[in-house]
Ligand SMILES: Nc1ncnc2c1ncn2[C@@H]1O[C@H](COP(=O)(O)OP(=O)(O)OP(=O)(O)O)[C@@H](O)[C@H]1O
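Form predicted on its own, single chain, as structure tokens, below.
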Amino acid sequence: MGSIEAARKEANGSLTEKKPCVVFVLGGPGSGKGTQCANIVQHFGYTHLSAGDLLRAEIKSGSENGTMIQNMIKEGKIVPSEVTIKLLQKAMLESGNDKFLIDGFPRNEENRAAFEAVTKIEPAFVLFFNCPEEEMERRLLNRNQGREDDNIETIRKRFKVFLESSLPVIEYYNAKGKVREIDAAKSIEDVFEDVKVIFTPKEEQVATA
């Protein structure tokens, strides 16, 4: 066990020395998070880390850890926060960057508390893509082009889970003045204009105003 603990300390040591800038990206399914994260990466040099993608990649790798994750998902269990956080830490260290968009995490209060406890990193802010349910539903149905009857049920369940688990995280950071809310119902271009204002340093905004 000692070596795992030592490795964790070492990973934390090198991460905290870097003092990385972490932005949590939250929004319901269909709120356009992925599209906007790609834009932020291109324009502002962030590294985009999706918790879901990292878990899927770990499963694909066939590692012992991946098999455990796969079994948990199959059994309908939630993957422990620590597992996801370790994957995020590893990806952050390997990227060589010090600016990160963490997408789809923390999904709930327990994730949030574990992330701060394990990494000793507090996010610079939370980028919250707020989109009305009807709009997200419309986008997802257009994207899926499948049988609407079975899709709509699944989509509504996903909204419900998002609201119940993620809103407490948004409220927690809102109380600390760390939430930057975006009206995600607008067009992709208009949403990105709002995003740019948030990511552009104040002094540059003044210079270009």
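Each residue number is its position in the shown sequence, starting from 1. For the two forms, the rigid core is made up of the largest set of C-alpha atoms that agree within 1.5 Å on superposition. Because the structure is predicted, anything quoted here is derived from the model rather than measured.
FYI, the form predicted together with the named molecule isn't displayed, but the following is about it.
So the ligand isn't in this model. With the named molecule brought over in the predicted bound form through superposition of the site C-alphas, is the pocket blocked (at least 3 atoms within 2.4 Å of backbone or C-beta) or open?
Open: no clash with the backbone or C-beta atoms.
Select from the listed residues 176, 143, 43, 60 the one whose heavy atoms reach within 4.5 Å of the named molecule in the predicted bound form.
Exactly one residue meets the criterion: 143.
Quick one: is residue 168 in contact with the named molecule in the predicted bound form, heavy atoms, 4.5 Å cut-off?
The answer is no: residue 168 has no heavy atom within 4.5 Å of the named molecule.
Residue 182 versus the named molecule, in the predicted bound form: is there a non-hydrogen atom within 4.5 Å?
The answer is no: residue 182 has no heavy atom within 4.5 Å of the named molecule.
Taking heavy atoms only, is residue 29 within 4.5 angstroms of the named molecule in the predicted bound form?
Yes, residue 29 sits close enough to the named molecule in the predicted bound form that at least one of its heavy atoms falls within 4.5 Å.
Does residue 35 reach the named molecule in the predicted bound form if we count a contact as any heavy atom within 4.5 Å?
Because a heavy atom of residue 35 falls inside 4.5 Å of the named molecule in the predicted bound form, the answer is yes.
Select from 124-139 the residues with a non-hydrogen atom within 4.5 Å of the named molecule in the predicted bound form and write them out in sequence order.
Contacting residues: 135, 139.
Exceeds or equals 2 Å, Cα of residue 117 between this form and the one not shown, core fit
No, the C-alpha position differs by under 2 Å between this form and the one not shown.
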